[in-house]
Every structure is written in C-alpha cells, then in structure tokens.
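Single chain ahead, written as structure tokens, the form predicted on its own.
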C-alpha cells in the first residue's frame, strides 16, 4: 500500500489496532456529562472533573487498549497512538515528604554558600506541590536538546515551562488542578473567585512570591494604559470589568459585578489572565495576572521618574521605557527576569541557542522529596527552517521534540527509529483545521478586495473552490479530516457532524456560479476573472508563515492552482512570523494561513475562532479591539452575524454549563456559515502531534493530550522527565 494513497482508516489499521473503532475511541473518548462549574470546590476539596472538550475526564483505565495486531507486521509500528497517561498531583498533606533532596549542581552551590539549603528554598511543608511521576523517580542531570526556529518561537519554551500557571488541567486535559495556587473557591453568588497561594514559594532569584505580585500586576501593569492599551476580554463579564483585591499576603480575590464562575476555567486555560507570567511575558502583552514586582518596579516611572526610566531604556538600546519594560517582562528575552518556571533562561531566544537551566527555587517536589525538575538544562538550537529541524530529529539529535515535527516525514521518522535511537508517538488533536485561511475581515487596503472579503457569498465560493481531499493526501498522508473549522464531532461544543462539511466540499460549479452572480463573469486570456474597477485581474494576497507546524507555503501554492479553476488568482507571500503577525495586528492582510488550534475549547482560546482577543487576531484586529474595549477602541463590525456571535460569546461567560454548551454550538454554526475563516484539513496529529522521543528518556507518556489549553506538553509533566543513562 502506498503511503501517499493511504486513507486515515488504513493508517490507523497499520498503526497496530485491528479495530478502527477502538483507535478512534482511544483518540477521542466519548464525552460525558459533568457538574456545571457554578459551585466551585471548597478549599479542602479536590478539583472535580470538568465537562470540556476534547473529552470528558477519561480515567487512564478507560482508554481503550490496542487489540492483537494483524498477522502481517504493521508497517507503521504498533505503538504510534498509545495510552493517554501522565503524572499525578498528590494533595493529601499526610502523604507529603518530610525531607528533601536536590540536584548535585545546586548542592554544590549550597556548599559554596551561594544558595540556601533546599528546605529553605521550597514552600512551607503544608503548601508544597507534590507530584508522583508517571512511572518512576527520576535521576538528576542531563541536557534536554530541542530545536527552535527563532525569536518568534517562544511558545516552544513557554509550553514546557507552563507550570507557572495559577491553575491548570491534569494530563487528561479535562480536570482542573492547582498549580501556583494551592486551592481556589467560588463564592455562592459566583461573583468572587478566591485564590490561595503557596506560603513560602519564591521566585527564581529568591524573592518571595506573594499577593503583592498580583496587586502590582493589576495596579501598575494592567491598569497602566501605556502598557495594556486594551482591557483583556477574559477579565470582563458582559463587558463589565473585574477587579483584583488582596485579602492577605497569600490570598487574592477576583471580583466581578455579575456572576462569572467560568473565570476558574479562564485561570486554568491558555488565556491572557491564566496562561502564566512566562507565556504572557514572552508574547509581550503584559498579561499573566501576576509578575515579579520587586524586580520590575525599577523600570516603571512611578517608582522613580519618566526621565529616569527613559534614560535607562535608551542606555539599553530601546526607544522608551514602554518598549524596554516589555523586553524586561519577557523571560525568553531577558535572562535577568525572575520566573516561577522549572527552568529559567540563561541564553536568550534572540540568539542561535536558547539556553535554560533549572530554577534553584522551583516549588515542586516528587513523592520522595526530590526537588524538581530532574533535568539540569534545556538547549534549543536554531534550525533555519522546519526541514532542517526534521532532518536533525531523524539523525537523533533531539531528545524529545513534538514542535515542528512534520507528519509528512513520518515514514522517514519510522525508518530511522533504530538508527536514531528514538521512538515515534502520535498525539491526535481535536481542532477543526491545521490549515485555515483566516480572512482579513477588517482589511481596508484595497477597496474592491476589502468589499469581497466582507462578502459571505465570496467566502463561500473560495471555500468550495478548494479540493481538500487532494491537500489531505498530499500533506497529511490521508490521515487528516477535510472540512470546516468546526471542532471534531465527538467534542462537547461540536454543532454536529454536518457542520464539519458545510461549505467545505469541492463544488466548482456552485463556486463559479456565485462568482458570476457577483458580477465577476469577465475573464482575461488565461481564464482569470477581472476586477470591476478596471484594474486588471482579480488577485488576492495570501500570507504564509515559514517554520510552522505544517508547510503552509506549498499548501498555499496548491490552493492557488485549485482556485485557477474558479478564475481567482492569488499571490503567495511567504512572510516571517513576526512580520506576518504584525500585518494581521494592523489589519493589513487579506488572507493568512494559520491553524485554528485551541478553538475546540471555544471559551478558553477563542482567538482562532472569532476576532475577540487583542493578543492575536487574524480575522480582524480592529474588531477584536472593539470587542475587548466595549466599543471604545477599534472598529465595530458591520456584519450583524459577527455581532450576534460576539453577543453569544460574551453572555456565555455568566451562564450555567448547559446553556454555555448551547451557546457554543450556536456560535460554531454562525462561524461555519459565515466562513470568516475557511477550514481545510484538521483533527490530525500534524500540529504538534508527531513526537520524537529518545529511548533513554524516562517518564514520557505514550500519548499526551494535544491541545492549546493543556499547554502541550506541560500536562505531561516535563519537570519529571529524566535521562535513564
């Protein structure tokens, strides 16, 4: 059987499971109902399973196991899609270790008088975070080698270090667990969410981590219009702002004018409020809900003067204190920046080697009292492009890498497993599209093109002019699912399987008929349609980003050839990620190719589904600013359906879970019908789901949740990974 002609069903059969149904179940367990998040657990209660996509809290024992393999040896290996598994959080203080150990490199610093002893670097005994590793207690030492693709690839390290989140999800991706917060509580009226911090926890430089770091962020960063120009929509309910209050040194309250129980999910998700200081700092959006106050005060005018901080900024090569502050706020760019992450930057991301070393004050231990992480260092070496990264992985040069590993290289990865001393794992995702054509709905650069982009019929015509099956076979080896941007049918917010195909199947006749009716029936000598304003051929511009998880540029070139059959030309503009995202931030793009990852968790990561998040909005930044600011900034959409989707989205935050689910399904119906983003192929392991793991790496799961809200691979517990030899 040719790999190029292999279907998804064939692929899964060859992966060593005789029952395709069993594999599908293993990839996406059937959702179950769970209590609505209106009554939060008491401070002493263990978190309850949440009803969120992609699945509903499957137990490790619930994951279907592979059945007996066929007689013929499976060509693609028998363990590509393994059992979903991960580390366990221990919450019973009676089970906490009483004595502690540390890495030899830190023990040497203690002996030299450069560090306090390990027990004094950890939180108070009752406030520890104790993790039971997946399989065994690890060994200290080693250097975890990975690839990164440049300064814009900060998520490469953010995701590994996302243990600095206030709350998080466990390895199933469905159950909220404590992280920096040891516990939380939602008031009976749903208006106040209280966070209880770990007493004695410290920043990586030894400074105390307290409620003061939250209040500094809220009062001096978030409310500072020079730093956060547009309010975070997640910190609002029905357009009304929340406030943060200090209860005591280790207790913080988020208060809202209306019930907002879903804010617990916001704190656990990949959001501006909950993704953690490291992630939000690297994005340079100044989010995260907290930051190192003692360190950052020196860069704000409030604590000296504007002249003083501007002078400091110019001495460091920055235009003003605002740009310098954002740089100092980024753990990826600034090695001096204190963090709460397992590893801290020692060589910044804007150099050929992004180097990290263990945080000597990291606040987690294993069940034996060993301070985590086990691994001493992470070294990310610059790969000029993803092709180089993949070739190095094939040669065995990386220890554990899921980011930038191409599905198209799977046959070669498998062929070289023994030679490279690694194992290949596949981690399927649940978002609708690994390749989505995000339309510049707020674009105004070319009046005629802008009008067309805003025309639903035109978007329908473009979508029906795409041969998704051809793209799936060429770039996904046939294992993806062609369709719209809607999430997988077996996720909680899916509007129904029919919406995965709506406006997302090849129909050249209908596409051409629509374009003719729009008045573009005149063509040039090569069959391309002519503009109405007499300025020649109807030609769009599509921005593609190199160094991404799937090869967007050749995918764009294939779509260019397909659209020739409907008479629409398109220029493919490969653009470096920072520049590309800069264009979308300024509403300068007509189309940009990107994924809609994370959108299966619609309320936690809406930016790839609706233009509501000013941190990133490829479907209209002007609209996102309007939404997030309550209409005081940006531009109000003219499309009544976008406004209806906005209203549903905003209202859902205060609803009970049953109504939230109904709202999400309705929003998805609007999104698919309107085609503000055109889905192509998704629900595959192509987007960070092809994982190369060296055989000497311990505690690495057979399968991990592949999702934005899980901060893949964070829920797998990278701080517990170790080298066996």
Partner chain sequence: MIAYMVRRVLLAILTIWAITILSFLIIQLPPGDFVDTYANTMSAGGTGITEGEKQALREQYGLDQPMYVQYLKWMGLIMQGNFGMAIEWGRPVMDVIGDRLMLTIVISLAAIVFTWALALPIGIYSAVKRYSLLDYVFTFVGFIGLAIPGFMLGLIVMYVGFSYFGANVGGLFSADYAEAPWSMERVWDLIKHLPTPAVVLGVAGTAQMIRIMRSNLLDELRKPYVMTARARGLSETRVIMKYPVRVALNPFISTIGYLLPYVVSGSIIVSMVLSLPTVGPLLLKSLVAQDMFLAGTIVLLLGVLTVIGTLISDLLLMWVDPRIRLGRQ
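Numbering follows the first chain given and starts at 1. Fair warning: this is a prediction, and the values are worked out from it, not measured in the lab. For the two forms, the rigid core is made up of the largest set of C-alpha atoms that agree within 1.5 Å on superposition.
Not on display, but discussed next: the form predicted together with its partner chain.
Candidate stretches 168-176, 345-353, 444-452, 246-254 - the one whose heavy atoms come within 4.5 Å of its partner chain in the predicted complex: In short, 345-353.
One residue of 295, 100, 96, 318 in contact with its partner chain, assessed in the predicted complex (non-hydrogen atom, 4.5 angstroms): Selected option: 318.
Its partner chain: the contacting residue among 236, 491, 371, 614 in the predicted complex [heavy atom, 4.5 Å]: Exactly one residue meets the criterion: 614.
Whether 285, 382 and 549 all lie within 4.5 angstroms of its partner chain in the predicted complex by heavy atom: Every listed residue reaches its partner chain in the predicted complex, so yes.
Any non-hydrogen atom of residue 90 within 4.5 angstroms of its partner chain in the predicted complex: Looking in the predicted complex, residue contacts with its partner chain do not include residue 90, since no heavy atom lies within 4.5 Å.
Contact of residue 510 with its partner chain in the predicted complex (heavy atom, 4.5 Å): Answer no; every heavy atom of residue 510 is more than 4.5 Å from its partner chain in the predicted complex.
4.5 angstroms heavy atom contact with its partner chain in the predicted complex for residue 664: Residue 664: no, not in contact with its partner chain in the predicted complex.
Residue 154 within 4.5 Å of its partner chain in the predicted complex, heavy atoms: Yes, residue 154 lies within 4.5 Å of its partner chain in the predicted complex.
In the predicted complex, residues of 384-404 near its partner chain [heavy atom within 4.5 Å]: 384, 385, 388, 391, 392, 394, 395, 397, 403 sit within 4.5 Å of the partner.
Rigid-core frame, C-alpha of residue 586, shift of 2 angstroms or more between the shown form and the other one: Comparing forms between the shown form and the other one, the residue 586 CA shifts at least 2 Å.
Cα displacement of residue 356 between the shown form and the other one reaching 2 Å, rigid core superposed: No, the C-alpha position differs by under 2 Å between the shown form and the other one.
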